[in-house]
Ligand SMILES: Cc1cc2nc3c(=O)[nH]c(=O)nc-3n(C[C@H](O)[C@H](O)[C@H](O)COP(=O)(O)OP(=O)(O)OC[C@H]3O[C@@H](n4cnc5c(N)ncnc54)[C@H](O)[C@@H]3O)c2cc1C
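Consider the single chain below, provided in C-alpha cells and representing the form predicted on its own.
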Amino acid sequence: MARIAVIGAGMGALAAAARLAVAGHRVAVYERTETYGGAVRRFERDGFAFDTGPGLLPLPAVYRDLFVKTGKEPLEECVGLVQVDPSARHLFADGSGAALPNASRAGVVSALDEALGAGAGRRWGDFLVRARETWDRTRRPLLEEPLWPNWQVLAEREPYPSVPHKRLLRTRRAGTLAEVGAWELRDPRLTALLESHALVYGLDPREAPANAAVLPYMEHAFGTWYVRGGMRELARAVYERCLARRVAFHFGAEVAAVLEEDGRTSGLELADGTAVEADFVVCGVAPGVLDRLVRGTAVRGGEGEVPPRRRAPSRLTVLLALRGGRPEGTAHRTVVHAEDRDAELDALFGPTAGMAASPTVTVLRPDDPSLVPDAGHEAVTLVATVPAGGASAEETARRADDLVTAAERAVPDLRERLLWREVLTPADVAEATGAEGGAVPAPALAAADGRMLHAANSTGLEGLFTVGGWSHPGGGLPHAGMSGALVAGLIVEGPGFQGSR
C-alpha cells in the first residue's frame, strides 16, 4: 500500500483519488480552497442556484465507468442524470434558427433541412460520418491511453478524412476546422454551427485542426446530459465516492513545494511548513503552479517531450435571476451566434485580444425546480469565451451588457424580467482553479505539429504525475475523468500501462 498525496480537488484529481483508493492505496487530497470540484462550482442567492463552470455533460460514459470501478452504486443512483432534448437551439446571424434533436442523426438532418433549406441536413450528416471516422481513429490515443512516447505520429497525421476540394486549379483538403466549414459545409450558418463547438473550448477554428470535428461528434453520438440540481451535483457525487473509499481531504491546505529525495518525489511541504511524506504525488494544477511547486528539477520540457500548454482564453459568465417562470417548450441550451463571426474571431484571437461587441453566447435555461425559489422564477446563465487575464470594472460591466444584449435574441423579454445579475470574470475562474488569468484548457487534438496536445501525465521526476485539464488528454469534464483513470493506471500498473480496455 503506497502513500499518495494529491494536490488539488478538481474533477481529474478526484477521479484519480477514488480509483487509487479502491486499488488499496492510502490517498490524501490537499486543496488550497475550502471546497472540491475545481471549476465545477455553484453560486446561490435568494433561492436561486447556478452552475458557474460547465453546464452540461458530454460523454457520460466516463463517469459511469468511474462509478462502476469504484463502488457498487452506479452513477445514476448517485445523481439524477437526464438527456437534454433538443441538444441545442441555434440562432444564426441572418435571423434563422434550428433546434437540433439529441443524439439523432436522422432528426438533425431533418431539422437542418427544414430550418436552413434542402441539402443543409445532408451536408451536415455527411460531415458527421467523416467526424465519426476521425473519432474512431483518435479515441484511444487521445482519451484512453497514456500519451505515446512517439507522440510525433499523432502530431504529423491529420486523421480527419477531408473531402478533396478544387481551389485555384489545385486539389486541396481541409486542414483546419474553418476550411472544413467553408469547403465541405458551404453554408455560413452550418459553418457557424461547426465552429461554435471549437469556440466554446477557446479554440480559434481558423487554427484548430480539422480533427476538431470530434467535438460536435461527441455531442451527436453520445448525447448531451444534465445533472439534476446542476453539474455541481456531479462533483458532490464524485467527492462522496472518494470519502466512501476513505480518501482523506485537507481543505484550506496550500501546498508550497513538492519534495524530492535521490531523484524521486518524497512528499509535500505545506505553506505552514508541515511536511507530508508520500510515495507518489499527483498534481492537479496548472503549469505555472507546477513550476513553483517543484524546486530544482525540470519536470517538463525535456527533449522529445510535449511541452505544457500554458495559454488559453477564459470565460465570462453572467447569472440572471428572472421573475416569471420558464416558458413551456424552452430549450435548455440556446447558442446565439455572433452577428459578425470574423470580427469576433479577430477580436478574440488577434494581437490585442478582446471581446467583440456582439459575441457568440451560450444561454442555459435548465428545467430544474431546485434552482429557483418557486415556479414563478427562472434562473438563466449566459457564457461567452473571452481573453484570459484581468479587465477593469468598467470593461467587465460593458462585456456583461454585451452578453445580455446578445441573449435578448433568445429571451426577448429578458430585461423586463430581470431581478438581478451576477457577473463572474476570468479572475473568478483563476480563484477557483489557480490557472493564471483564469485560462481554461481545451481538449487534446491530433495533428497541428503537436500544438494541440497536452503534456504527458508522467513527469521528469519519478513518482510525480499530473492530472486534469492541463495535462493529457486536456480540458473538459470527460477528459478530466479520463486523466484520472490514466494516472491511476500508471501508478497501479507502472509505466507499462497501456490504457483502459
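From 1 onward, residues are counted along the sequence shown. Fair warning: this is a prediction, and the values are worked out from it, not measured in the lab.
The form predicted in complex with the named molecule exists for this protein as well; it is not shown, and the discussion that follows is about that form.
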item	value
Segment assignment from 425-433, 149-157, 396-404, 84-92: heavy atom within 4.5 Å of the named molecule in the predicted complex	425-433
Non-hydrogen atom within 4.5 angstroms of the named molecule in the predicted complex for each of A192, L215 and V361	no
Selected contact from R326, R232, H197, R315, since only one has a non-hydrogen atom within 4.5 angstroms of the named molecule in the predicted complex	R315
Selected contact from L293, L116, V372, A278, since only one has a non-hydrogen atom within 4.5 angstroms of the named molecule in the predicted complex	L293
Exercise: L453 in contact with the named molecule in the predicted complex, heavy atom 4.5 Å	no
Interface membership of G489, the named molecule in the predicted complex, 4.5 Å heavy atom rule	no
Proximity of R42 to the named molecule in the predicted complex, heavy atoms at 4.5 Å	no
Close approach of W183 to the named molecule in the predicted complex, 4.5 Å, heavy atom	no
Heavy atom contacts to the named molecule in the predicted complex at 4.5 Å, residues of 11-46 in sequence order	M11, G12, A13, Y30, E31, R32, T33, G37, G38, A39, V40
